[in-house]
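Just one chain follows, in the form predicted alone, and it is written as structure tokens.
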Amino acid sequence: MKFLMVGAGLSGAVIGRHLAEAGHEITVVDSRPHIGGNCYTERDADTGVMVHIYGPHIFHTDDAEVWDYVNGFETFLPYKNRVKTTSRDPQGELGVFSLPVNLHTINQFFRKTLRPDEARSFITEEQADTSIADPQTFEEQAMRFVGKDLYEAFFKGYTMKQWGCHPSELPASILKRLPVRFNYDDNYFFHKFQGMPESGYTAMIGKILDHPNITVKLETVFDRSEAGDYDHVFYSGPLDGWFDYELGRLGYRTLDFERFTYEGDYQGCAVMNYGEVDVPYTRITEHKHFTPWENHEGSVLYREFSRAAEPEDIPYYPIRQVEEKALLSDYVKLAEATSGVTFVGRLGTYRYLDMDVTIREALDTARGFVQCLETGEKAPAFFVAPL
């Protein structure tokens, strides 16, 4: 059968590979001049640094099958994301602190020498706002678990810049887990498997797409009228875009990058957040630190700015507040009444997805689709519900 993958990112590549191995003819189209979507990496010609062109992507997962899958196409070398943040302490002095908030952060920030049990008591009994019994907003969640000082230093300003609104307007679910550790573990992620592809994500996705049954067409804009030329379409573009935005546009945040270079080591870490509201960017990323097994004299860095996405922008983060969820529900109904297409990935399901979850859902979608072929059932518009 003939299947079309709209988008040459992780979703299209993984689903396309699975169906190609099952003997089907796959066409992958992408409007950009490269594969990989927002995971695209390339070597900087002047410094040799592997640059994450659309911002850093760090692979972390507890899913052993997904970890084995990516390592089947590219060697992943150890990498631990240790984020720092520049902010002011309670005395108003600017300092560099460790994230996520951990025992070192607490002791440095409050100028104390607390042990783990002492720090837990200090935060939960003296700092946390225990009057908030059922946190409903991001602000209430942070105040409830870490208190006013830590919230204002590490969460408030950064969140306002990242999301373009006050934390009191965001749901508590954004801070799902207790945002503090009572030990000196400064590994940003807690997953069992963490690493970076030795030759970059572009090389990995290129190998996934390297199959005789797969044809890749770049700089090719998909038109919905072309869907009839295929037995089924897997669409990883914006859900509302499939329907030509007829009900309105779903809201996204986008990122602007201010690229600059430096001879030497600019900040000594891969990611430096800036929690102060008056600093216009959210963070600076220094890309050579994402490949600690390499050595480079020169350095490539990005200052990262977040703002509301306009129609011509690359959408990064789905907003998913009340109004967007109502509109999403209407688009889901339209999609479910449409045949011959399955919506996949971050944009197709209007959900923020880490790379490992994207791959997991792509594998499950491909397997579920093959099962539909075998049983004669109609393939659903969504193998994973957006709502």
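For every residue, the number given is its place in the sequence shown, counted from 1. Quantities reported herein were computed from a predicted structural model and do not represent experimental measurements.
What follows is about the form predicted together with a small molecule, which we do not show.
Stretch 23 to 31 is the answer when you ask which of 23 to 31, 65 to 73, 43 to 51, 331 to 339 has residues with heavy atoms within 4.5 Å of the small molecule in the model of the complex. Among the residues Y262, F190, Y316, Y184, the one placing a heavy atom within 4.5 Å of the small molecule in the model of the complex is Y316. Of the heavy atoms in L255, some are within 4.5 Å of the small molecule in the model of the complex. By the criterion of a heavy atom within 4.5 Å, V6 is counted among the residues contacting the small molecule in the model of the complex.
None of the heavy atoms of T365 is located within 4.5 Å of the small molecule in the model of the complex. At least one heavy atom of S236 is located within 4.5 Å of the small molecule in the model of the complex.
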